[in-house]
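We begin with a single chain expressed as structure tokens, specifically the form predicted on its own.
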């Protein structure tokens, strides 16, 4: 039975899972969820995720939500298939993957997501961007990227000289951020820029990036 992923390709969290599934070469069915009509807040969907958020993954009788938990599950279940995203045969490297996955979630994501929301998502919802929020988080993001620049001057990827979930998890928000007027935060840091150009050129991302659009096809 193929995996079922409930979500939308324009959703950063859905895209995080889609990238993982494509890296692993796993068969799956993408089931669209109509956010604009509020489908995600209706009882049928809430029975899958009581918080009413996408994505949700169904694998037989198992139902998962939270994108990073889903990618970890997929990477572990299909660890012998496709790209090894968790370095399951090397405990030290696996631990480093987990460290940088935490860094992405707690430091990078918390700074970049408000910028993307204020500049891209909010206006689609009829909201005026709050430049003060953007500026405060640009400062935070710059400090995070300074750490990345230092790390990536030593290793090709965040957890080491191998691609992993630690890198993959950055793709969705960075993709949208690079369409904003502040892409120089990445481009002005040569090692971060090289890393971004590397991970964003992977075949798994190329399969989904064309559908990562906001405000179209509602």
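Since the structure is predicted, the reported quantities are computational estimates derived from the model, not experimental observations. Positions refer to the first chain, counted from 1.
What comes next is about the form predicted together with a small molecule, which does not appear here.
In the predicted complex, residue 54 approaches the small molecule with a heavy atom inside 4.5 Å.
Using a 4.5 Å cutoff between non-hydrogen atoms, residue 35 counts as a contact of the small molecule in the predicted complex. Although the partner is absent here, residue 41 is a contact residue: one of its heavy atoms lies within 4.5 angstroms of the small molecule in the predicted complex. The small molecule in the predicted complex comes within 4.5 Å of no heavy atom belonging to residue 149.
Looking at the small molecule in the predicted complex, residues 13, 16 and 67 each place a heavy atom within 4.5 Å of it. Only one of 54-62, 22-30, 159-167, 188-196 lies within 4.5 Å of the small molecule in the predicted complex by heavy atoms, and it is 54-62.
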